[in-house]
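Before any questions on how it binds or moves, here is one chain, the form predicted on its own, in structure tokens.
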Amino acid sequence: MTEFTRRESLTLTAAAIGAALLPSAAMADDDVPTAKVAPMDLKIEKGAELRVLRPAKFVEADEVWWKSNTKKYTDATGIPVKVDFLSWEDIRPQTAVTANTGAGPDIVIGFSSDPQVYAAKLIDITDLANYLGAKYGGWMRLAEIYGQKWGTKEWISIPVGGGNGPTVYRKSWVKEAGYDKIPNDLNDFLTLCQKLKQIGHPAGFSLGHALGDANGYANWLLWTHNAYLVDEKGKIALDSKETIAALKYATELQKHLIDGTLQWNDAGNNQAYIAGKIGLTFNGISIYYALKNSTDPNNQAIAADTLHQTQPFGQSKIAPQSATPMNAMVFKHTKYPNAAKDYLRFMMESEQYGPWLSNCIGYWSQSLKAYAKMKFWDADPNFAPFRTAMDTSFYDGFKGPVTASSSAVTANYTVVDMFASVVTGNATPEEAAKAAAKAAARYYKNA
């Protein structure tokens, strides 16, 4: 079976993309409810031209429609726009270079809390955010958390869309293990993973330096045990009985996972699932997208046997998962701030955003509420867990402020490495919790 590498980003050729999964542009934006809002009065700078840096695609339609919409903007305005797509691992280092040198792209579309790191170097785009929110039913909760400067109503970024990682599983193998669906109880989930390994179809979750998958898994482990990085006032809360319980649970769970998960990047579980090596993981819709669109009958069969479900709740009263938003920042060094805002406005309008969103079939979930009404979300039951990805109160650094400190902890895999040190036997839960709390405290102190 075909295995997909990180660099290939699970892309598919245009010829392989099935029409049933790729709605036409005409179908994609006719079901978005909008309010009548006065147009923005942006005075575009003479001679404007823009450079945009954003993450590379994980599904082909993401880049295809982004490029198409960008060309549409240039055709409509005459403003040249050059878009560079960079691997996920390289976005944060390049953003730092841009911020520190005061040169480079006018717009950087980074991740999650990155704008908090560079807040002093970003232009205020509250007018744009208010316009979009008023027209498209308001912003999802996670978009507000990440888009606004913490503790204020000032918007310093536009969250374009978020990708989450619910449970992805082979329904026939889960049934063979004795379950009709994924249980919410953590002990039952542990038993399921144990039985999956016994029948030769283990689960797998990354504890390597995988920006999306590993951070998502580590946070799930914390939140399902009612543990968290910091409290509401930003005080480090990792060294707690809840964290130690999460670490002990992770150690037991690791015994029943496929080998090698500590070396996985964000493509590791995709490759293993597509190759039939695992029967359950947490991931975005990219696995299903690739399988469904493959011309290989074996992959088509796996797609038909694949289901998605919200991650187990454990002790949490709400779904203990967040999303990783693409977050658009306009740097102060740009000579064309109004053009930059106008480009982002254009890309978020329904005529452009609708086709982009629907053709990604859930890989990115909307940040504006109106787009949750789009009909494509009802086309496949597998899309359901992705529809509400941005409708959550969980975030990196939960329960504390979204700051440069919380972003640094995530970027440096502090929580991920805490779990990795325990499941490998290199530290006891108590030792790991204390060490991680100390490491996190340094980031919060030095921010």
Partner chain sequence: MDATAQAASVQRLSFVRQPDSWLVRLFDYKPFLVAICMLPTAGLLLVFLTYPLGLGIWLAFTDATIGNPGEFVGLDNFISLWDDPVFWLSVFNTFVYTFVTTIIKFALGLWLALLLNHHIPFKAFIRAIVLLPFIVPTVLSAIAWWWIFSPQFSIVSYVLVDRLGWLDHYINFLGTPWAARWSLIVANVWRGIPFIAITLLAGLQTIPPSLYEAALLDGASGWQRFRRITVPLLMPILSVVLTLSVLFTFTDFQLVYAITRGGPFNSTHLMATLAFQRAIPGSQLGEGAAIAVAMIPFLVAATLVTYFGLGRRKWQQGEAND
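Owing to the predicted nature of the structure, the values given are computational and were not obtained by experimental measurement. Residue numbers count along the first chain shown, from 1.
Another form, the form predicted in complex with its partner chain, is not on view; read the next lines as being about it.
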item: Non-hydrogen atom within 4.5 angstroms of its partner chain in the predicted complex for each of A408, N412 and R442; value: yes
item: Non-hydrogen atom contact I258 with its partner chain in the predicted complex at 4.5 angstroms; value: yes
item: H209: touches its partner chain in the predicted complex, heavy atom cutoff 4.5 angstroms; value: yes
item: Residue contact check: T152 to its partner chain in the predicted complex, 4.5 Å heavy atom; value: no
item: Distance check, E89 to its partner chain in the predicted complex, heavy atom within 4.5 Å; value: yes
item: The unique member of K72, K121, K197, R141 whose heavy atoms fall within 4.5 Å of its partner chain in the predicted complex; value: K121
item: In the predicted complex, the one of K171, K248, K277, K369 near its partner chain [non-hydrogen atom within 4.5 angstroms]; value: K277
item: Stretch from 60 to 68, 414 to 422, 36 to 44, 380 to 388 whose residues place a heavy atom within 4.5 Å of its partner chain in the predicted complex; value: 414 to 422
item: Neighbours of its partner chain in the predicted complex among 237 to 272 [non-hydrogen atom within 4.5 angstroms]; value: I258, D259, G260, L262, Q263, W264, N265, Q271, A272
